[in-house]
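Shown here is one chain on its own, the form predicted on its own, set out as structure tokens.
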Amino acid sequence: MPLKLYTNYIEDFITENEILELQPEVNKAHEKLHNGTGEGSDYLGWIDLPEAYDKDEFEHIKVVAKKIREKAEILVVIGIGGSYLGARAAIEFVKSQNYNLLCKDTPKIIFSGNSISSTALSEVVDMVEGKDFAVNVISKSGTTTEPAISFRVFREMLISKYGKDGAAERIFVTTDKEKGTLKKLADSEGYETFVVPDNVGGRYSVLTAVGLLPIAVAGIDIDKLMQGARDARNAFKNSDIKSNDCYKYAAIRNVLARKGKTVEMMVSYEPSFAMMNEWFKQLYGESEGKNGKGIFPASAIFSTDLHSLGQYIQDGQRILFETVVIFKKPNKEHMIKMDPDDVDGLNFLAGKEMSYVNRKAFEGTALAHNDGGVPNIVLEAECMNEYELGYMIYFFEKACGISGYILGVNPFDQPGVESYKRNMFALLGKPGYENEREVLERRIRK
């Protein structure tokens, strides 16, 4: 099995029987997902996506990715949340956290529209100035504030640099199939378009054109990516916790939460996993955090963060559990050499590979954290490649749906996200929010 679950670092905290006792709840969650009888059933397209994806659009993605690689030094990917996290996570996972510094035959890929920072936007403008660049704007509606502002800026730059017709050849739009501001603009200006499926929510959309186009531009094999997801889909069809590691992970999380372990730290010992951590945090935070419920998703990269968060994890509030993703083989290996003077006292490591040291750091940390009262769920994959990533993405998506239903929430909506938007629109003076603006400004002045 490409991704294997190990429970030896949770045995001091929960028993196998406690996990198996959740089987009836897991069965109900499974039925809701596969029969479409639970809340949010309009957004279950991701379940069969690895088999039922649009094959014509998939091939079109490859063609357009090749076109972008041939004509652009930089691709600016404009989107926020699920419209960018999955693609960025995949590129760093498969290629490198330093992709833009190391890439040679593929464009640099810069992400914009994921904040309202004038500094961040201005820096991206500076990076593309004088370069041949293209834009992939990703938005279901086209009116989400952060990406809409960014697209306005870079669209104007493209038109100024290449003319209206030239710009049209360098703007690629991923949006609704039929409606919305962005779809209307794309049709009127002749931009190539890709579809955000109606039945796949943003945080589950990395295996649609939302994530696949930028991923393919980076030279990543999206056929292997989808094959990994397809094999995961087939592996996790049954609801038996004993044979389904995905469902067992969902059950373990809930057993730990009911024992007061309400914060989950997603941990890896590979820096290139950092954006996968961010993708995980949106997937689980937005899916589970509602109705006063939910396991709070946090993250860390070890051993780096052991020098900042290690003290709290070891001796702070006992509300934490860790899910540690480790890899059998590194993408690149490095051997530690002998120093004739042994000035740093590290000659005992001479002749050993860095991956061996990294593994021992994991084992030592897991034991220490266990001793400190922190359970460690361990997920082990072979290496960081396209196939393993596709498998892992589907594993976490499926586990999230199951876990959300066990928690008793709708894993596919995000009502709380709208609150800040309403306040921001009112304070900015958007038409139709005049009354709310007066109330909010009075509150601010207090």
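Source: prediction; values computed, not measured. The first residue of the sequence shown is number 1, and the count goes up from there.
Omitted from view is the form predicted in complex with a small molecule, to which the following refers.
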| item | value |
| --- | --- |
| Interface segment, criterion being heavy atoms within 4.5 Å of the small molecule in the model of the complex, picked from 217-225, 321-329, 195-203, 239-247 | 195-203 |
| Contact of Glu286 with the small molecule in the model of the complex (heavy atom, 4.5 Å) | yes |
| The small molecule contact at Arg233 in the model of the complex, heavy atom, 4.5 Å | no |
| Non-hydrogen atom contact Asn385 with the small molecule in the model of the complex at 4.5 angstroms | no |
| Close approach of Ile80 to the small molecule in the model of the complex, 4.5 Å, heavy atom | yes |
| Contact assignment for the small molecule in the model of the complex, among Lys140, Lys261, His369, Lys95, heavy atom within 4.5 Å | Lys140 |
| Candidate from Gln314, Asn347, Ser115, Gln282 lying within 4.5 Å of the small molecule in the model of the complex - any heavy atom | Gln282 |
